[in-house]
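Below you will find one chain, with nothing else, as structure tokens; this is the form predicted on its own, and questions on how it binds or moves follow later.
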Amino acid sequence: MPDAYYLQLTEQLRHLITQHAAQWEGKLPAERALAERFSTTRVTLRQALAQLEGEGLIHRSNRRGWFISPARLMYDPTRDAGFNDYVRAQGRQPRTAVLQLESRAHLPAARALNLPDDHVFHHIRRRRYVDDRAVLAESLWVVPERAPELLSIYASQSLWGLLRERWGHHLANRSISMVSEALSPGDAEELFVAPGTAGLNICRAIFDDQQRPIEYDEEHWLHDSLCIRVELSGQQ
């Protein structure tokens, strides 16, 4: 079908979603039902759905269908606030699943923290939820010398809080990078989406107030789940 029809269908779907969001309780009707409603093919329908997905209005969950995306989480990666704190502060419900605890080398972490390439780290792999939707898969690479028994005591609590309260570390200096990405098969599987789904990769190298390396974080967010907002002071 011509591009004009595809764009028209996109706008019709957008209007329909706005009208029926509450009635549908967050889940769109099946593709077959939508195609019949608009007298179109499922191929053209999927083009329109993909357009709305790219805009962040809807999202797809593997084997479960299409869902209306909730409001984006406001996120400032420069702040010390833990995930649970800033999610709850926005009236949302956080949850964490710990997927893996291990010790091994990781070249990107070693180079970001100015350590030997074969340096071994404590590795914590977590999946984070907001309102029961998995939105973040992350790896935390902690320098073992700074938190020797970390892996034997860690559950799902705030890592930063634990580093501060148990070992007295003050996380004073950070180097942060952010790039868009297509989620790898492994990250996508952990977030219950298809490989190649649009994501945002945030990496953070953290040092204490004595410039000692503490931790390297690798975050893989679903692209439609958050809005980056950084507060800057007016001081020169």
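One-based numbering along the sequence shown. Please read these numbers as outputs of a predicted model, since none were measured by experiment.
The form predicted together with the DNA exists for this protein as well; it is not shown, and the discussion that follows is about that form.
A heavy atom within 4.5 Å of the DNA in the model of the complex is found for one listed residue only; from Ala182, Ala50, Ile176, Ala30, this is Ala30.
Proximity to the DNA in the model of the complex, defined as a heavy atom within 4.5 Å, holds among Gly168, Gly54, Gly186, Gly65 only for Gly65.
Not displayed here, the DNA is kept clear of Gln211 by more than 4.5 Å at the level of heavy atoms in the model of the complex. Proximity of Thr40 to the DNA in the model of the complex falls within the 4.5 Å heavy atom cutoff. Interface membership of Val230, defined by any non-hydrogen atom within 4.5 Å of the DNA in the model of the complex, is ruled out. At a distance threshold of 4.5 angstroms between non-hydrogen atoms, Thr44 is in contact with the DNA in the model of the complex.
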